[in-house]
Ligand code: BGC
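Have a look below at one chain only, the form predicted on its own, in structure tokens format.
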Amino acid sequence: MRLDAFRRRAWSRSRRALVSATALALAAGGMVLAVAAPASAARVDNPYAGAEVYVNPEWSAKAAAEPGGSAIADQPTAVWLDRIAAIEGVGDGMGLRDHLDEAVSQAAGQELVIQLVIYNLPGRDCSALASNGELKADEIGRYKTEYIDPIADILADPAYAGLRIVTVIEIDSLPNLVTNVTPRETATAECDTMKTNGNYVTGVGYALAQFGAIGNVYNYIDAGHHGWIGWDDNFGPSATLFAQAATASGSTLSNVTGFITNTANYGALKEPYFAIGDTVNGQAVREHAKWIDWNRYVDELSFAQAFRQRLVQAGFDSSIGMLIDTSRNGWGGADRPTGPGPRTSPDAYVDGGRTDRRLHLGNWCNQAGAGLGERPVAAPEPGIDAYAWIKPPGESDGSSEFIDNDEGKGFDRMCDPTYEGNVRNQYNMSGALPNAPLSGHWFSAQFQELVRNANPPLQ
């Protein structure tokens, strides 16, 4: 049984007082007893290799309470620090120290990774209202002193030196500065502001510098997904921008362990029934299928591996690895194709054979028909450090209608199942599930659908 919030925090404080002390001397009959902090874990190339991964007890309890949820309740998921209050814990919820203390307990002398999502930039998520944050566009000072610095102080506590701490740095931020700024048709005033004031670049660099100074922290920068920056005019510029951010605010490229794709998204890991070089009736599917629309990548694995090489060309070390979020990209169930589509046209061929069943690659909110993807695993493919469940299955992407809240989260029509779309999804329906709560809140109906449509299927 878990400790209640008061008892858990009291225990956590007393434990830190003991472990963090460099020595506790007790004079007794001329004897001195010393209690030293645990030694730092040796730094490794891939933190997931040879390690267990932290199971968040709060998410696990919610999953286990759902029909069929016990089959995955022991899977590792990330802890999201999506506002300043999350550092100490919101309400009766666990704070960062609580999770780290629990991770030390779960480690029990073996190597263990704990995954943290760092997600609170000023002017956060400038192209989507559902995941806007608490800090205004110009509040970079608060971001540094009230958010990043306190997190870094906690991570540097010697009590946690034996953990491998993976930080996923600011999802959906830097790619917006490539694709959603003037003169792009998809530009927003908010993204133009964040490009002009430089606070996304400044903030990411600052986070990398502070966390990179801690020997057992492994930083992974969010790199969008294949349906966002896979096109030629986004691919190279994104890598260049990431290198700029990684050398801002006193950071260096060496502070970056790797990158992550598909965070909280739905892009298929592999598309087995069509490829970028296929032709139908003499027509190249890359040029003539609306789903591909000249993109050079049709799935996350091929994109992540290729983008890794481009990042190395941009100056990052050749040892960098990629993570792919597979928490919701399984697309199983009755609608999953079992072979190629008909060769009557490029569209029929691609649409009939694609496992990603979204109405458009730009659809991102609580997608109907999605399923759990590959279970978390280390080093599944060349260049890939791990498949990971960074977005905890069952946590909403955004509310289906306006819900008043004190979390800084707005209402985005892309989460409304009746919405007919915008330029970013080429005016397709949103494909979102109805009756969804605020982003990050538990969405039981979505969790149950993800379990039903899991691919690989649950045993």
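Start at 1 with the first residue shown and count on from there. Only a predicted model underlies this, so the values are computations on that prediction, with no experimental measurement involved.
Keep in mind the form predicted together with the named molecule is missing from the figure; the text below concerns it.
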property: Stretch in contact in the predicted complex with the named molecule, which is absent here, among 345 to 353, 78 to 86, 377 to 385, 219 to 227 (heavy atoms within 4.5 Å); result: 78 to 86
property: Close approach of residue 124 to the named molecule in the predicted complex, 4.5 Å, heavy atom; result: yes
property: Partner proximity in the predicted complex: residue 392 to the named molecule, non-hydrogen atom cutoff 4.5 Å; result: yes
property: Residue 119: touches the named molecule in the predicted complex, heavy atom cutoff 4.5 angstroms; result: yes
property: Non-hydrogen atom contact residue 424 with the named molecule in the predicted complex at 4.5 angstroms; result: no
property: Single option in 131, 173, 329, 261 placed near the named molecule in the predicted complex, where near means a heavy atom within 4.5 Å; result: 131
property: Partner contacts in the predicted complex for 415 to 450 (non-hydrogen atom within 4.5 angstroms of the named molecule); result: 439, 440
